[in-house]
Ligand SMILES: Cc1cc2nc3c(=O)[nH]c(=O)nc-3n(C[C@H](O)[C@H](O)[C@H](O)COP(=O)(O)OP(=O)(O)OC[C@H]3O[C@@H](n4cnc5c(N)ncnc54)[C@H](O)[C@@H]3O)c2cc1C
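For reference, the chain that follows is the form predicted alone, supplied as structure tokens.
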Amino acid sequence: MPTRTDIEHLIPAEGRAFDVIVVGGGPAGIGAAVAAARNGASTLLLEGRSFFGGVAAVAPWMPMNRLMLNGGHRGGVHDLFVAQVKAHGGHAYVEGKQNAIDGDGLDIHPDYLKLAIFELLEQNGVCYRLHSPVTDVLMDGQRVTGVVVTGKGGRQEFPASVVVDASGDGDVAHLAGAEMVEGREEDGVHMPVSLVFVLANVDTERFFAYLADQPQAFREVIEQARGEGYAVAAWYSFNQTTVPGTVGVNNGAMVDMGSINAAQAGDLTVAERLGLQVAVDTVRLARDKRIPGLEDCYLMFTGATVGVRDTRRLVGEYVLTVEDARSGPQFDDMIARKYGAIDANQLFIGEMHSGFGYPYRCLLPKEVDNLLVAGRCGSATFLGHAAGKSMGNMMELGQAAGVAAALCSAQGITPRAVDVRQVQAALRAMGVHL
């Protein structure tokens, strides 16, 4: 059992320098931090919120898809992460769904998830800090030399040889002046921003049987309720949980809410307010309409905050496109693979070449050095990002960035100068399927 002294040893004071600093504690950041540390780099993981885990921790029992490969080992950080979660037993997780979009994953209890991540970081010697939002960058010309955290204790600087931006919103790249884009190319529209919630006192067997046998009847109930003035979501997806009689409810945000730019506080405030209305009204309509299995349900709780699917994206040395996802070219600098389907929610859903390659150049800003950008803020078009955007895929992109960052720090070179063949060799040595 860890002591306070054990934990404090991993929480650095201001000014401590690291080989690699990873910004953002979601799946991409976890992949980057653990991979960097396992490849010999002194590593710090910074997270602005009070927990690690990203959307999987924000949205209770949100499916973490593509953690595995065809039900087996995906290699690298994925295997370490899955093993750490499963070590907590059946209270921690249930097996996820199996389809083109949701597959090869786990639905994880958010608190067991947070604990498992702490344990994984500690076992691999990763230093970490929560409540540490990155608000500025340290620069030497066009080179990123560290980051600035501004929290309750004021402004604090942390130098680094290499920084990995896994913030989801591309915060570090944006602050460093890298070229960024937002939203769908033709109109700037973003994917829905949703507040996930949990229903209790559910007859889960009857409810899931109803959804399987009468999906059209469920849709008609929702449409009728919308016409009667209930706040309903554009779509609902229901997930098994580890607590008997409860169901996790993912959704497409309130119908007609419009596009939400999650990089703007005002838009996020709208999404939080209307997300709560959807959660409460879903319970009310389920009871009023006597939806089988939900006749006596209650709202157990909503997620810690809304879940975000896209904001800023890097314009890197290569911009991944949906055509790449569909044709599956073999990039010489491939450092990851993305599995699943194209999932931009109600904006677009389609098939892709599952397992297509992701090039190293997508991690590299064109104008900024000593920075790698991984996860949903990596270099891609709107649908290029939507192709295989599952959390397991984001972890793999982060893992590649972490390996590259460690190699760069050890060799005293910038990410632009690294020999990608060395990155690929290190990933294969970790058991990654390239």
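Here the structure is a predicted model, which means the values were calculated and not measured. Numbers follow the displayed sequence, beginning with 1.
Separately, the form predicted in complex with the ligand exists; it is not shown, and the next lines address it.
None of 257 to 265, 214 to 222, 166 to 174, 87 to 95 except one has non-hydrogen atoms within 4.5 angstroms of the ligand in the predicted bound form; the exception is 166 to 174. Contact check for Val308: a heavy atom falls within 4.5 Å of the ligand in the predicted bound form. Proximity of Gly384 to the ligand in the predicted bound form: non-hydrogen atoms within 4.5 Å are absent; the residue sits far from the partner. Taking the partner from the other structure, the ligand in the predicted bound form has a heavy atom within 4.5 Å of a heavy atom of Ser390. None of the heavy atoms of Ser354 is located within 4.5 Å of the ligand in the predicted bound form. A heavy atom within 4.5 Å of the ligand in the predicted bound form is found for exactly one of Cys127, Val134, Met334, Leu115: Val134. Applying a 4.5 Å heavy atom cutoff to the ligand in the predicted bound form picks out Val23, Gly24, Gly25, Gly26, Pro27, Ala28, Gly29 from 21 to 41, in order along the sequence.
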